[in-house]
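The chain that follows stands alone, in the form predicted alone, written as structure tokens.
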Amino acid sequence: MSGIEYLSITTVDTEPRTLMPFDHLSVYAKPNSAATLRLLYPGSGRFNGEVEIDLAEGARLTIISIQDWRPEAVAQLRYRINIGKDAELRHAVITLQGQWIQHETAVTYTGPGGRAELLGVYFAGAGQHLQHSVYIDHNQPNTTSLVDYRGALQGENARSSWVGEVSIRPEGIGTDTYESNKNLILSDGCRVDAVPNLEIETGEVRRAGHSATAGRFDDEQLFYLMSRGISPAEARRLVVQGFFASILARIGDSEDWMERINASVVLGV
């Protein structure tokens, strides 16, 4: 892949009967190339897929993985990513609905100076379980990784699971890494599991940290906005927008995705 500014691929059709049981895609970014690849996964039924991505020296690649499932869908998707010398990756995952969705991203470096930015946005409704796992292996010197996943949950038995595992090997001197997971609970009956892990095998790192939070919808914020003449429905939307705004701006098309998330929010719960 070289010199492509924008490429959109729909891997499955929107009709449940056309969902493939397994899908495999390989992506190679040539040296010093720049490209954006958008992968759309819509539909229902059951799906199992894997994407392999290799970035050569100096390549810059943006991958946007859009999980636009129907509420009853069951899907498992794995991304295997190799980042070459001084290459830069931005990988964004947007997961909307699905009965049980598992998305796993694994990153390793094949040369020094590589950079990875892993972003995630997800919304789980009643009876839905969304799982996201991130594995990063800093096995080269002077590599960087930034992980920022944010999710909202609403409805009885809505559940999200997030696992972030970062390993800094003895040869990973000069590593700069931070992983973060934030969750906004919009109603009773939700469950959040967030497990950040960090393993450091060298004392020569620039930065290494992690955080995970889960908090309820703030009634005081809602009251404040309503006291300014804003309706309860609009006030809830504004709070959700504020929670997702910064990360959606980094992914792009933020207005479109915010509109989709707002449409999923059951107002007045």
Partner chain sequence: MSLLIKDLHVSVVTETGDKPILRGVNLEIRPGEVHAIMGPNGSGKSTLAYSLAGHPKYTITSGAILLDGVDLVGMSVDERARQGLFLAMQYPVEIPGVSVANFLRTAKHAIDGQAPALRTWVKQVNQSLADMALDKEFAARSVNEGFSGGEKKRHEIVQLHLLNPRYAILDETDSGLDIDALRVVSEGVNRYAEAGDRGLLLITHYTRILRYIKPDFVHVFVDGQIVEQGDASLAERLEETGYEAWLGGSDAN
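Residue numbers count along the first chain shown, from 1. What you see is a predicted model, and the numbers here were worked out from it, not measured in a lab.
There is another form of this protein, the form predicted together with its partner chain, and it is not shown here; the text below is about that form.
Undergrad: Picking from 220-228, 25-33, 59-67, 201-209, which part of the chain touches its partner chain in the predicted complex when contact means heavy atoms within 4.5 Å?
TA: Going through the listed ranges, the match is 220-228.
Undergrad: Do E50 and its partner chain come within 4.5 Å of each other in the predicted complex, heavy atoms counted?
TA: No - in the predicted complex, heavy atoms of E50 and its partner chain never come within 4.5 Å of each other.
Undergrad: Decide whether A245 counts as a contact residue for its partner chain in the predicted complex under a heavy atom distance cut-off of 4.5 Å.
TA: Taking the distances in the predicted complex, the answer for A245 is yes, it comes within 4.5 Å of its partner chain.
Undergrad: Does at least one non-hydrogen atom of P232 fall within 4.5 angstroms of its partner chain in the predicted complex?
TA: Flag for P232 set to yes.
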